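To begin, one chain is listed below as structure tokens, in the form predicted on its own.
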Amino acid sequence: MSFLEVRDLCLDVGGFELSRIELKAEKGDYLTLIGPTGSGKSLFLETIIGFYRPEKGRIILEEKDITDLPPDKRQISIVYQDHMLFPHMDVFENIAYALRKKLRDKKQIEAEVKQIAGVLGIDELLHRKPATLSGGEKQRVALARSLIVRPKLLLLDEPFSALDARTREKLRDTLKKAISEYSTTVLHVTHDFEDVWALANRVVVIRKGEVMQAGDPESVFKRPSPDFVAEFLGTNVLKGKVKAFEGKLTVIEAEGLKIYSSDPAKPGEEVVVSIRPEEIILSRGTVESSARNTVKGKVLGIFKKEHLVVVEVKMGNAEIKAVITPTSCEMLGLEPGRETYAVFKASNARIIR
């Protein structure tokens, strides 16, 4: 039996619906849940922790049925986007709050708080009030408060979405360290695909309260199920290996292509490169531009998508999608079998793992 099993879970709360959700996680897994707004991801987390009782189905944690247990008996913690810190308490008291329900020894509580503060890099903040902290610092405190009780399961509901890109990147690294230190299994709701690649060993795609696809990130992103998942993910994902540096650029050999990226990586490192379709320019021939990547290919197919055109191009061993306007498609004379060049900047070839 898996560490966590969700069996045939059904719930309807004011238009938000979960429909026969099945999910399994092993101890130590880091699962990300992705899907459109309103698909029931947050409702699912709140059902797992016990804020809602399902109309049907069971939740099994470590072979124990917790479906009917109150939240405080489940040994599950949750962190939201908006921190939910107590404004009248300093950082130390915020972190220690839940621990005081388990421990009476003041020295042990102090030791535990200092330990988690050290892991999350907030040692210097313990006597400050939440109002004086940055968004990233508040989220570290919220994570510390949730992890200090050593939960069996940690639920994260878009904890990084209100932070700037640089802070998100730093916090991902910090979270990785803390999760490893506290040996916690994680379910993480996110809209940011970089959270998936940086943190998760499994990803679950949810739409309208149903699980559409689940698996490791590479298989889900590279071989998405038809229709919704492929459209929702919508990015070109290439697996490759770093070959060298040329100036400030990383040279990657990926699926028969030579790709330049402005993201740093070590020679010999296996990486995954993401290129958004809308960041690719198609041309009849090579062009003079600041874009470092120019790759020759052959058009496989052309599809209309609302007011745009999706062009599928075979390049090396990869099939790459580009999004252009109908006018551009007509001017380029694109049709299946026609040769074309894909042009994209090194900054748009993102190394996401």
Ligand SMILES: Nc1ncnc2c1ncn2[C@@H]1O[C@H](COP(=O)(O)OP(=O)(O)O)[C@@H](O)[C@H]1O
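Given the structure is predicted, the values throughout are model-derived calculations rather than measurements. A residue's number is simply how far along the shown sequence it sits, counting from 1.
One more form of this protein, predicted together with the ligand, exists but is not displayed; see below.
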In the predicted complex, Thr47 touching the ligand (heavy atom, 4.5 Å): no
Partner contact for Met331 in the predicted complex: the ligand, 4.5 angstroms, heavy atom: no
Heavy atom of Cys10 within 4.5 Å of the ligand in the predicted complex: no
Proximity of Pro326 to the ligand in the predicted complex, heavy atoms at 4.5 Å: no
Selected contact from Ala318, Ile66, Leu43, Val309, since only one has a non-hydrogen atom within 4.5 angstroms of the ligand in the predicted complex: Leu43
Triplet Phe16, Pro36 and Tyr52 all within 4.5 Å of the ligand in the predicted complex via a heavy atom: yes
